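Two forms, one protein chain; structure tokens for each follow separately as structure 1 and structure 2.
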Structure 1
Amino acid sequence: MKEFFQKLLKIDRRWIFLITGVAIVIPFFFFIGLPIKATREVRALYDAVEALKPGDVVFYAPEYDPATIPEVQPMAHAFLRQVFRKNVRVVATGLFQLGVALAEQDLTLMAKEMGKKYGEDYVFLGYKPYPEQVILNMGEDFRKSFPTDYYGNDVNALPMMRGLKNYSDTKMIVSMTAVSGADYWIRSAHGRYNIPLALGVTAVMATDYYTYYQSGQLFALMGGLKGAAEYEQMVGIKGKAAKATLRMDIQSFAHLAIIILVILGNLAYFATREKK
């Protein structure tokens, strides 16, 4: 046994890289879907959407770029699937310049998947500079910042926008964000107009926004890949469409492989250590 541990301590590090690589690759070919317990702050958004009635309107603000797709896009897709499944209508903006195209693509993709029609079930207002001023203006009237939508249509000509003036005509604001623009929504949308606000943020941002959740300024908060995977499982997204769940499997297997290697390394060290 001692000889085995001595060999283990001298193993070529490339074998360690190979073992870790295999652990990462396995979930790609064998989807496992490890169970993930939903936390209270994530469940709050799911329950709020489930409580909505067909025809209700939510305001949706996706603000992330290609670099943060792995964490934030699964949240966005799960949220849009849930609201469209509930026949809830969506009015959206894209106030982060680098993420406008992504916002439009996500809306179009999910609407097509769920059989929703533009102008009746959802509207994408698009981008305007100076986001905090835009957010304040929309609190008075969406048309003040967006007389036309992303595609150049007159907002008043869209059936969904008839009778829809500002945030008070929506049930909540939900922003999937990877930028500091989240502060604008807290300060100028919830703070000024007292509209229920939920955020989906990257893992590195989550610790900053738990304070707002605990104070009640946010009614729900999704943080990073784990938050996205929790939401996916509640919405019932399965298989390859559950991208966050798949990535959590990959992360979990990689962590497990590293833990096992660390334990073996420590066992080998103590088993071969010379007594003084």
Structure 2
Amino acid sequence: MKEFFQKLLKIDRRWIFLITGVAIVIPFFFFIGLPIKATREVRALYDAVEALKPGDVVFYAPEYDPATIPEVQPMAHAFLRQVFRKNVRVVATGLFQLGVALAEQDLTLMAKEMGKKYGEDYVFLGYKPYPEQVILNMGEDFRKSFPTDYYGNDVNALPMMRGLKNYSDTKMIVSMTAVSGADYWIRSAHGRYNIPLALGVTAVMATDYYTYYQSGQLFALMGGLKGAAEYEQMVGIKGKAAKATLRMDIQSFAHLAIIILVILGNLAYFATREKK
């Protein structure tokens, strides 16, 4: 037994990789559908959007790269579906260089699905480096940083941008983000211009940003696949489109695998230590 534990402690990490992989692949073939409850911080965003009137404008800042699609995109899609369904208009930027193309794809896809028109129902301003400066500039006037939109159109020529000067003409800022750019929104958009701010972040970032939710700097916070699954259920997305909901199941087993590994590691550690 002791020898086994000693071997276990020195096990090549490639075995660990293998065990993790197997623990994820197997549950794909056995969907259970464990129940998911909506939490307060996620519901807050849903309720705030529901309370908007048709024609209101929200500022939307998707900042995630292909690598974080699985966590953030389900939120972004669910949110855009809800917003467009309410006939709320959207001004968007993509201030993360890796996420510009994705932000554009998302908006176009959801707008097409919900029958929305570019320039009237939504506008995509695009990317500029040094996001914090851009965010501050937009607090004065969107045109300061974006005289033209992502597609090179003169911003003033877009019907929706008429009468839309800066954040104060929007109802809220919602950022679906996987980068530290979220700090800039808190500090420079909410902090300086005092616009209600909600974030959709990865599960990792949720720890960091929970404090801001508690202190009221964020009025809502969605974290990771779990937050996405909750939102999907509230918006009422069903079937294959509800990616987050489906994957939460598999997640359970992956976590179990790691916990078992940690317990085994500790057993081995204590079993071998006492004998020394």
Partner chain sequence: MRKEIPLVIMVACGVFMAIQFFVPHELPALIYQNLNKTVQVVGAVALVLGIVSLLSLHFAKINRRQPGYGYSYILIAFFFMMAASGFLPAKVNLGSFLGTGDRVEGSFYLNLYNYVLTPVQATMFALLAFFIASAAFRAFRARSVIATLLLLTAIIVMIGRVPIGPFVLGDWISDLADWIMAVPNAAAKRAVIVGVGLGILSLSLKMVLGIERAWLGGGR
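One-based numbering along structure 1's sequence throughout. Throughout, rigid core stands for the largest set of C-alpha atoms superposing within 1.5 Å between the two forms. Given the structure is predicted, the values throughout are model-derived calculations rather than measurements.
- Between the two isolated copies of the chain, the second is the form predicted together with its partner chain.
- Once the rigid core is used as the reference frame, the Cα position of residue 224 differs between the two structures by less than 2 Å.
- Comparing the forms between the two structures, the C-alpha position of residue 26 differs by 2 angstroms or more, with the core used for superposition.
- Taking the core as reference, the Cα of residue 253 moves 5.6 angstrom between the two structures.
- The rigid core superposition between the two structures gives a CA shift for residue 268 of 17.6 Å.
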